[in-house]
Each structure stands twice: as C-alpha cells, then as structure tokens.
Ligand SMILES: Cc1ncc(COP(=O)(O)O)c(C=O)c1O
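We begin with a single chain expressed as structure tokens, specifically the form predicted alone.
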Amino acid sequence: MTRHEMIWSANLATRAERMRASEIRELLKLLDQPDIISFAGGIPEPSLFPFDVARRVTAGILADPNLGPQALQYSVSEGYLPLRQWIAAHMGRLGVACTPDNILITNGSQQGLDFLGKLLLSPGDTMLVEAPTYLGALQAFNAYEPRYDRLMPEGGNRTPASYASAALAAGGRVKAAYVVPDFANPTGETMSLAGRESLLDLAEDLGIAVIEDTAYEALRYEGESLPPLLALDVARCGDIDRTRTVYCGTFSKTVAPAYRVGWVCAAKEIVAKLVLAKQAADLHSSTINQMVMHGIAVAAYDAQVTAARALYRGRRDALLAALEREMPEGVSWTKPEGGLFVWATLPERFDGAALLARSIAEERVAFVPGSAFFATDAHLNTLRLNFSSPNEEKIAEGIKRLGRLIRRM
C-alpha cells in the first residue's frame, strides 16, 4: 500500500456490509453460453414483446411537434399524467378506487421497494417477510439495516404481541410486512383470501404498513382471481387514503422489462413521501419510456396479457409434467396456478448450491439455489425453477438432465 492509496473498505458505511451480489443476476451471465439450459432468472419470453406496437408508438411520439420535445425533456417526479390516469383506471378494475394522485411511477417496481425501505426502516427495526421470499426485496431492504422476522399469514400462530416484543428486544419496532401474494417469487404459491384478511388483521393490530408486490398478478392460468390486499384494505377503510397497504406494480412481466416502468399505488400521504425519495434518487423516470408505455398499454395491454398467459401456461404444464416424469422419489415441488416459478424441495441431505455447481459442470443446467431466498435460517435443500425462459423442448431436456444428476448424487 502506498501513502496515496485510498482504502475504500475503511470508509464504507455499515450498511454496505449487508449488500450482496444477487445470485440470480450472476446466473443470468450464463445465458450467454448457448449450451446452458437455464431455469434461473425470471426472464420474459422475447417473442412476446410488442415490437410492432412499440415501433409505431415511439415513432408517433417523436414525430409529433408537441409530444416529441416533451418525450426528451425533464418531467415531473410523480410520472407522466396520462400513464398515471391509465394505471388509476386499471387499479379501479382490480377493486381499488383511486386517482392519479395515488400513483407514483417508479423505475421498475424494484425502485419502489427501495424507496419504501428508505422511508420505513431505521437500523434495527423489524421487517416481517415470508420464508422464503423474493431475493430482490431482501436486497432492497438490507441497505437500511433491518432485523427480519418470519411472517406466516397461512396457519401461523404468532400473536401481534410476540412480534412486537421480539422487535423491542432487538432494539427497534415492527415497521412493515412484505408479501408477494399472487404466484410468489420464489415458490409460485398464492395467498388465500383468509390469509390476506389475516395479514391485514395482524398489520392493523401492530399498526404497520403492508407492502404488496404484485409483479405476477396478471399471469393467472387457472383458478379464481383473488382481490389484491389493497382492494381488501380499501373495502375495510372505505377510502384508499386511509389504508395501510402499498401496492407495487410493474409492466416488466406483461409488456417488456427494459422500459423499467413500475408504479406504486397507495394513500396520498405515503405517495407524497415517496415522491420526495424519487426526487432525491433520480428526479423522475424516463419520460419517453413512460410515454411509450402509455401508448402500448392503451393499444395492447389486454392482448399482451392474453398472449403471455397462453404461452406461459404451456411452459408451466411442460415443467410440471417433466418433474413428474424425471424426478426421483423424495423430491417434491409446488404446482402454481400462475406466475413464472416452481419451488422444489429435495431430501434434507442435499445442498442446492452444491447441486448447482455440479449441474452446470456435468449437465449444463442452471437454476437458483433456494437458500438465496431466506432472510434467516435458510433451507439448503431447495431450489427455484423458472419456466418462462426455456421452451417446452428445453424444459423436457433440462429436467431430464437434472433428474439424472440428482439420482447420481
């Protein structure tokens, strides 16, 4: 070391120690290797992207003497008003009566999670999360140094007092509960209506917020749709501005991820605070991306969802059939009604990370080890399988290879 050398590790904030590389993002690098069959990232099928509509909408905006300059200019932090109006109407169809003032456009729903962590969590405060839960949410919250406690809305016997006392003993308070209620990442499971009502009861007793991540809500392939938590909350309170639920939505899984257009729908009080976080982070989301997304949503949103459901339903069925055919005794898996993921549990002696290393080296098959999705007490003998990216032929071959390896081990 020289006198002039900067020692970065000695100057980082304590929160930097909790920042870890996403195992999923690292695994996505394998997609560049053509011989890898990947069940790893939740990557949408590119053939579903609305290329023709996007070209037409983008060209129309840039050719318009009024819209063109607006598209390439700075904009308001809340987001492009016509898009917020469309989202407010969309939320109304989901049972959430609201106005554009209840909507904030974010740079993907991931940014919404980061902002909520920033606003709600002080170091040592408790966030309630399911086990397992979405890795990206844990990454977003980790920067704000929370403690995690396990949320069990389906059949759990924890009392509000037990959560509060555990948080107090750790030096903080319970501040929020985070859930993916529909076709959860990573398990593919859906929270029942009774579970949703139970979660709202718990949140009310604790006086905390509920963060509802709905990335996969539109991708239902069978069964009855359930109301969003925010819709149930509005029904209880009579007005969205009295609710405790924050709904995080996105166009990434239904239209295209690269536009990075998500949204938050919530009471105006918390939206106003989120706008301040948005101003400090990036001023506003890309104006032209918002305008293009609005045009696509008006012209083709329903068609996009219909096409995605049809294609992904077939791939889900192919994956479930392959698992049934190829997996040895002792392996179990979820059977999701929608979404993009199946969660598999292996015999206890297995380690998902070790299995992945051998799977890539010996069978050229990738997946995500389940341990990445636990805030605490990881179950090592689990793994997440995505079915949106590989086609039916690759699904069959990949699961055949994976089953062969598990038998060898």
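The structure displayed is predicted, hence computed values, not measured ones. Numbering starts at 1 and follows the sequence shown.
One more form of this protein exists, namely the form predicted in complex with the ligand; it is left out here, but the text below deals with it.
Asks: With the ligand left out of view, which of Asn102, Thr126, Asn185, Thr243 would have a heavy atom within 4.5 Å of it in the predicted bound form?
Replies: Contact with the ligand in the predicted bound form is made by Asn185 alone.
Asks: In the predicted bound form, which of the listed residues (Gly172, Pro228, Pro153, Gly108) lies with a heavy atom within 4.5 Å of the ligand?
Replies: When the ligand is considered in the predicted bound form, the option within 4.5 Å is Gly108.
Asks: Looking in the predicted bound form, any heavy atom of Ser252 within 4.5 Å of the ligand?
Replies: Looking in the predicted bound form, residue contacts with the ligand include Ser252, since a heavy atom lies within 4.5 Å.
Asks: Taking the shortest heavy atom distance, is Arg260 within 4.5 Å of the ligand in the predicted bound form?
Replies: Answer yes; at least one heavy atom of Arg260 falls within 4.5 Å of the ligand in the predicted bound form.
Asks: Is Tyr134 near the ligand? Define near as a heavy atom within 4.5 Å, in the predicted bound form.
Replies: Within the cut-off, so yes.
Asks: Report yes if any heavy atom of Val180 sits within 4.5 Å of a heavy atom of the ligand in the predicted bound form; otherwise report no.
Replies: Looking in the predicted bound form, residue contacts with the ligand include Val180, since a heavy atom lies within 4.5 Å.
Asks: So which of 314-322, 153-161, 69-77, 214-222 is the stretch with heavy atoms within 4.5 Å of the ligand in the predicted bound form?
Replies: This holds for exactly one stretch, 214-222.
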